[in-house]
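Just one chain follows, in the form predicted on its own, and it is written as C-alpha cells.
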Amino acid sequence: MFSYRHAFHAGNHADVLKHMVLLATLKHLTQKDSPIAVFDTHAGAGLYRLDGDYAQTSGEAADGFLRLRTPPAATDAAAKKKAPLILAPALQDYMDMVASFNAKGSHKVYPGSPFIIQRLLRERDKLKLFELHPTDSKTLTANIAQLEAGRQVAVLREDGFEGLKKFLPPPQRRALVLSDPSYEVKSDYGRVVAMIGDALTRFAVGTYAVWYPIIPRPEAHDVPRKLKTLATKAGRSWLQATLTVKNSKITTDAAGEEHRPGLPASGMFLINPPHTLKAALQAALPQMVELLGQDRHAQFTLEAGG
C-alpha cells in the first residue's frame, strides 16, 4: 500500500495541471474576506528536490514543469518566426509560484500542494494535511515546521479518505478539499468517489477538487463519470479538465520488447468550482498542449455543467 512516492513524479505534466488548477481555484476563493478551511487528503512530503535521487530516477519533470520553463526549440522555419508565447495568466501564476521557492535562475525545488496552498492562506484560514505514508508524513511534518505557521497548518498521519469526515462541515462554513490519491491501490478509485459523495451530504457548498489518472483501466474512466453523477444529483455545478500529452498505447520495438508510455494523461474534476475557472483554463489548456505535448495525440478537454 505504500509503494507510491510522489517524489518520483514531482513536477510532471500531471502536477502542472493539478497545481495550476489548485492555484487558480484558491486564489479566487481567498478573495472573499471570510475565512476558509482547506484540506489536502493525500499531501505527500510537501517539498521536492528536482535534483534529488527520486526525481532524477524518473526524470518526469523534464516533460512537465521544466519543459514549460525551457520550451523545446522550434524546428521549422515558420515556427521560428513566431513571436515568443505569452503564457496565459493561470499558467504564468503557476510558473511564478514555483519560481518563488527557488533562487533566481534556479529550479531545484518543486512545491507540492501543501506549500502552494500555504502560500495563499491568510492568518484567518486553516489547512489540514493528511498523509499516511510513514516516511512522507515525517518529512512533511519537518517541512511544515520550517514555516513556523503554528496552529494554522496541521499534519495528520491518518487516512485522508476517512479523516476528512470529522472536519465537515467546517466552523468557517467555507472549504476547499483537494484529493489526489496515488491510485496504486485499486480501491482508491472507488474510495475517492465515496469520500466526495459523503462530503456532499455533510457540506454541499464546499469546493471539491479531485485529480485522477487517465489510463486504459475501467476504474479510472469511472471516476469522472461518477463524480458528475454525484454533482448532478446534489444540484451542484461541476467542471472537468483533462490534459493528454502523448499516445497511451503500448508499442513493440523490432526486438519484440514492449514499451509502456508512462502516464499519458490526467484530469481534474471540481464540484462547486469558482465561476472564473473555466475561462482561465480555456486560455491555459491550449498552451499546455502546445508546450507539453509529446506527439500528435496531445489534446485537452474542458467541460462544465450544473
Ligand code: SAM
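Since the model is a prediction, treat every value here as computed from it, not as a measurement. Counting begins at 1, following the sequence as shown.
The same protein has a further form, the form predicted in complex with this ligand, not shown here; the description that follows concerns it.
Partner contact region in the predicted complex: 130-138, out of 89-97, 130-138, 200-208, 164-172, criterion any non-hydrogen atom within 4.5 Å of this ligand.
Relative to this ligand in the predicted complex, residues 238, 273 and 278 are all farther than 4.5 Å at every heavy atom. Contact between residue 269 and this ligand in the predicted complex is not found at the 4.5 Å heavy atom cutoff. Though the partner is left out of this view, residue 181 does reach within 4.5 Å of this ligand in the predicted complex, counting heavy atoms only. Among residues of the shown chain, residue 39 is not one whose heavy atoms approach this ligand to within 4.5 Å in the predicted complex. Residue contact check for residue 61: none of its heavy atoms lie within 4.5 Å of this ligand in the predicted complex.
Among the residues 43, 26, 50, 265, the one placing a heavy atom within 4.5 Å of this ligand in the predicted complex is 43.
Residues 158, 159, 160, 161 are the members of 138-165 with a non-hydrogen atom no more than 4.5 angstroms from this ligand in the predicted complex.
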